[in-house]
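Below, in structure tokens: the form predicted on its own, a single chain.
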């Protein structure tokens, strides 16, 4: 048990889909489920940490207060966090830090989103000094364009094939079949993936995640509070990493289209994405060999393969073999995305890092149903937010 551990008392989600309703409705449903799971009343909560959505106006920018108002003002302090796709983990870290500082005993963390149809895009307006605006308006580079660049990089560096990418989708689709919160619950074949329409070569429609509505919530507490409330052996948050890149960053990261030169200053020992999990391992006193499962940020099938290497499951260029050998499938050495991942959920940006925490919590409790990883005791979540937001959470039991 680490000195920085906090207990996960409750988790809750609203099913992912395209529901067309206010994002607050989803967040409140997830929050109430998490509170019920924790056996607590809303009035027991001493701090609320909200993950912001930028697409839903002022209420989305102040998510902590928005969810608190919807649940019924009760005086708890609030915070709101925005870190793009890492927002949920950032909000979790704010709550964890407050508990570890002794400023509260129990906190509620909530993220929810309602997404527009089609690709995610910058907010409206003319902003010539905004690289995210520039890459859309001047280059027409939607997110799948980046996913395709990373896919082509794997093909050029390591010999990955379209069939390898398709295998990732087949695996995740099979995992998500029994997940009641997943939007897509349908088995697919490699042939179906490779026959789906090309979106950004070499990636096809079934290689790329959708945009979705959804929500997730987590109730965390000090270990003393958990013990007082009868949680004798709770799932624990052992580490949260929210690192940023180091200069020079020699691998392209969204939304940039250039890298830093390492001519005068040597590149860091670890590139950005490798450093995200590395910081969490150091904090938790654990390593890749300790993992029983992982939830990784599969914006595309090819990107999931990158994450195998980034979190240390294998060396560079070895991800395809790990996949082909079945090591990352349920029943394998380290199942990856037993929830079905974004392949089955789609992106609900402020909620997805928290959804990963929910899944790992269910797995460590042994309550994941047909997608249960046998004997799971340690799990990792990892993703990455626009503009250099790292996100990794390690949970143990």
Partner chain sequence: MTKTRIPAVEGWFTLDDEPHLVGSRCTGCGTVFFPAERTACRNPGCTGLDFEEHRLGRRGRVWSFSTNHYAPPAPYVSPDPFVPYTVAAVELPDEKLVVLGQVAGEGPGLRVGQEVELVLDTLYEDDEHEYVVWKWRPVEPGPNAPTGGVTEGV
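In this text the structure is predicted, and so the values were computed from the model without any measurement. Numbering follows the first chain given and starts at 1.
Quick note: we don't show the form predicted together with its partner chain, though the next part is all about it.
In terms of contact with its partner chain in the model of the complex, the residue from 174, 327, 279, 252 that brings a heavy atom within 4.5 Å is 252.
The partner is absent here, but in the model of the complex a heavy atom of 260, alone among 274, 318, 260, 105, sits within 4.5 Å of its partner chain. Site residues 119, 140 and 247 are all in contact with its partner chain in the model of the complex, judged by any heavy atom within 4.5 Å.
For the chain shown alone, residue 134 is a contact residue for its partner chain in the model of the complex, at least one non-hydrogen atom being within 4.5 angstroms.
Using a 4.5 angstroms limit between non-hydrogen atoms, residue 224 is distant from its partner chain in the model of the complex.
For residue 185, no non-hydrogen atom is located within 4.5 Å of its partner chain in the model of the complex, even though that partner is not displayed. Its partner chain is not drawn, but in the model of the complex it has no heavy atom within 4.5 Å of residue 158. Here the chain stands by itself, but in the model of the complex one stretch of 264-272, 81-89, 279-287, 214-222, 264-272, has heavy atoms within 4.5 Å of its partner chain. Taking its partner chain as positioned in the model of the complex, the residues of 137-161 that bring a heavy atom within 4.5 Å of it are, in sequence order, 137, 138, 139, 140, 142, 145, 146, 148, 149, 150, 152, 153, 156.
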